[in-house]
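Just one chain is shown here, as structure tokens, and it is the form predicted alone.
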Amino acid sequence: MSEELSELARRRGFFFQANEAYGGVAGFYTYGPEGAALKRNVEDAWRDRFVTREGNMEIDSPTVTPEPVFRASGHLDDFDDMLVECPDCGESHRADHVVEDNTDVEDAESVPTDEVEALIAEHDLVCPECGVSLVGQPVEGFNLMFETTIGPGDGDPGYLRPETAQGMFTEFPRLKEYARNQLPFGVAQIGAGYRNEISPRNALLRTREFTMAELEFFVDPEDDGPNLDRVADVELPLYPVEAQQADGEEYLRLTPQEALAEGVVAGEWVAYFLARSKQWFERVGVDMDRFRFRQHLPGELAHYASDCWDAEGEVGGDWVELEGVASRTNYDLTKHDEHADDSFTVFQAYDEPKTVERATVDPEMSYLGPEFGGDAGEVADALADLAARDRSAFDGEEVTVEVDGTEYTVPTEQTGFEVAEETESGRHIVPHVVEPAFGVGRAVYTALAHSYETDEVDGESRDVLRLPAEVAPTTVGVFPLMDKDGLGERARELAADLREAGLSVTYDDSGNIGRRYRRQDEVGTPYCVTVDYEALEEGAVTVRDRDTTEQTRVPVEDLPTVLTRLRDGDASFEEL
């Protein structure tokens, strides 16, 4: 983070370290008045694009989740980062970050831990805090989830959620009813996530508490995909695995249809959401000349993903992950279907009933019980699974199944095996999931970094945030030319009227008009309104544009409509 932007963020109330009066704790930030408004507007823009315009539903689930959910999802076993501890000062570090920061190796996160240890030894890397060698120190997995206890005393184990996704997966049995069991449908959520990062850094880019905006889009993989004509004009800057492995820096610039035809992107819904994501990032102020989609390397993929593309923005010479568009297949719902006490399938009706052959078993429990005792029930279940999976296994005189590592052999005649014709009106499927998951704080940070400029106006240097009007913390600053002769009173009345019209307004009568303009430029306010003597006489005010500094006169009665249209992108300042 540049010193200039860091200083601006603190001084003008965008964000700052939390609890500084008590020394602060790394990885926790407070959004000040300007930052909270910017963050809220970014969230509203995301909700507009991925909920309202896509016709998806939105929920708000708890941030504390019982342990069995994460045991089923695999997070207890696989949600780790690589930790290396300094033998002298005891400071813990992300081992992959130590490697990336001090060598030419990129994406060390995708490298196995033993290879990271070897890289530390090969490059004789040292502790970033005290300079003592880290060679020979073990690199171990560290689970990032915050553990807690639910209820008094020992209670029940639980965790602060590291993502919002599981809240949408665990509620799927009810959500599918709200969607009338019709695929595809999407469920969105904006909320806090928590990860006990080993070494938080870079302000909002790596924190321990953060806001995520996630969409879980449930699809039938055998059905038609999206209408890609709706995003046919979007050019995707793609950085696939092959280009990364060849150390190339050239991106493929393809439309979604071209990316699918050339086999660069595997799934239609993934291609669709890449396009919608690019449109959204541009909408909130990310510079498209410093933006790309990078495909995850094989060793980098999360345990639940078959493919993933990260939206990345370049900030300060580094590429920052802003979003992941992942194909989660049916991993999550399958796991919860296995572990939970509800159904995570959707019944899909056929256009016409079908006659199918189905293999079934009806074991003789009078044989299985005495033969296998307490395991008889599980043996019967294993026989049913085998019949559905491989009916040829029942061709011989005996059939063998495995239960918890032990093999059991049953005479075929005792299994009640048969193949019969059945008429089916539909099928139960476990939907696949495509997930666009955004880091809201990272989007805010990148929009600030990409919007922050220094230019010259009237021979003077000015700092300006060229944030899109839609997401700027304040839409309009209202000033009296001077606070006398009724100008201040009229300006305050006008500010109140604009607030009633639903606009975000700040009133300022401190200092000369030039200083007031500069203050609003610095926090990204796109328009300023000045009430002068002509306003009192003629009923028109001066409206100034932040980016061009040009001014025009607008009748007071038209001002709420004009400013609303400008904010919403329905008109341009040049049109005035």
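Throughout, we count residues from 1 along the sequence that is shown. The shown structure was predicted, so the numbers you read here are calculated from the model rather than taken from an experiment.
The same protein has a further form, the form predicted together with glycyl-adenosine-5'-phosphate, not shown here; the description that follows concerns it.
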For a quick test of understanding: in the predicted complex, does each of Glu58, Leu175 and Asp220 have a heavy atom within 4.5 Å of glycyl-adenosine-5'-phosphate?
no
Can you pick out, from Glu321, Glu371, Asp337, Glu100, the residue that has a heavy atom within 4.5 Å of glycyl-adenosine-5'-phosphate in the predicted complex?
Glu321
Pick from Ala95, Val265, Ala165, Leu383: which residue has any heavy atom within 4.5 angstroms of glycyl-adenosine-5'-phosphate in the predicted complex?
Ala165
Determine whether any heavy atom of Leu205 comes within 4.5 Å of a heavy atom of glycyl-adenosine-5'-phosphate in the predicted complex, and answer yes or no.
yes
Check whether Gly439 has any heavy atom within 4.5 Å of a heavy atom of glycyl-adenosine-5'-phosphate in the predicted complex, and answer yes or no.
yes
Met212 near glycyl-adenosine-5'-phosphate in the predicted complex, any heavy atom under 4.5 Å?
yes
Consider Lys278 of the chain shown here, and say whether it contacts glycyl-adenosine-5'-phosphate in the predicted complex, taking contact as heavy atoms within 4.5 Å.
no
In the predicted complex, which of the stretches 445-453, 429-437, 348-356, 254-262 has residues with heavy atoms within 4.5 Å of glycyl-adenosine-5'-phosphate?
429-437
